[in-house]
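Single chain ahead, written as structure tokens, the form predicted alone.
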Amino acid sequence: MAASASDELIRLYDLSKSFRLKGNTITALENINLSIHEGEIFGIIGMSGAGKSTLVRCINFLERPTAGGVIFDGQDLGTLSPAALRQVRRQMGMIFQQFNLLMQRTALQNVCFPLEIAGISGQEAKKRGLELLEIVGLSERANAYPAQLSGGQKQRVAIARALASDPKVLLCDEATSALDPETTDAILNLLKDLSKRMGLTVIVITHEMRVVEEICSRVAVIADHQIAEVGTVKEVFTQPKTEAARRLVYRVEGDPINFQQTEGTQLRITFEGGDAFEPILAELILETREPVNILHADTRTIDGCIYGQMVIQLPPRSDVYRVSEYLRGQGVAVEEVAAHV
């Protein structure tokens, strides 16, 4: 079901952020407009230097925007007093790539730390800390120090600590970038479960398309300090509208796909569901008698459904129109692509 305006939890309006560095003005963000709804898992994806981390710090006003602003749960953060802003920040938990745990404190003591700062008694904080460690599946490691924990366990402690203030939103800044793929999957599954169980809104800042595909319902693509594209993950994966989105969709193990310039026409075909297992290309060749060279192919699971894409090449003098029409007749989306994606 599409979210309504009344579901809006966070709205960024005309938000810009610049810094002064050695007498020069550096633009980090420019005219950002986004709406994030209560209970959704929203992705913000972009390459390094695009402005992602600055954006997440503007959302909770750790960085004050140069222009525009942030409305959180009906309150314009730019109008709040320092004390009121601190109270609002307690509703925004945050987890980071490097965990940011206190090395001289146990897992339990790390989780209890924000509770102690909030003035909660030691016994009550300990009880709540143990509950949170159980929620993230780490109660048996309560007395372990960070040096005794794996990367995934450290991130679970960091998530439990972020939940200590009972936030409405969890901001995840490259939270899985330091983890191996198996551990990343476990953390993403935990975040999905927490969002569903606790009604948490989760904002995922990442440069990894697979993270967005695995966990997010909607995504914003940020490039050159601006929002290039916003849509459902399915829309952005199957029908990217901007060059920035295409660069992220066409990636293998973090690197853009670079198709060598050769003669002929290249087509990107996108399919979903059962079509992913049908011999569409074999049938295309039999039907049209056109030779086809596969340049790239992959499949992905988005919101429980399998989606796939291929980039194929047709040699010169091929009947591109006939090939395209045949594929569309099989329910497959087709578009011509440049040689360098």
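Not measured: the values here are computed from a predicted model. The first residue of the shown sequence is 1; numbering continues from there.
Below, we turn to the form predicted in complex with a small molecule, even though it does not appear here.
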Original post:
in the model of the complex, does N293 have a heavy atom within 4.5 Å of the small molecule?
Top reply: no
Original post:
Taking 4.5 angstroms as the cut-off for heavy atoms, does S53 touch the small molecule in the model of the complex?
Top reply: yes
Subject >> 4.5 Å heavy atom contact, R300 to the small molecule in the model of the complex >> reply: no
**OP:** Please run the contact check for F19 against the small molecule in the model of the complex: heavy atoms, 4.5 angstroms, yes or no?
**Re:** yes
Subject >> Sole residue of L62, I285, A67, M47 within 4.5 Å of the small molecule in the model of the complex, by heavy atom >> reply: M47
Original post:
So which of L314, A28, I36, V311 reaches within 4.5 angstroms of the small molecule in the model of the complex, heavy atom to heavy atom?
Top reply: A28
**OP:** Select, from the options 315-323, 20-28, 328-336, 7-15, the stretch whose residues sit within 4.5 angstroms of the small molecule in the model of the complex by heavy atom distance.
**Re:** 20-28
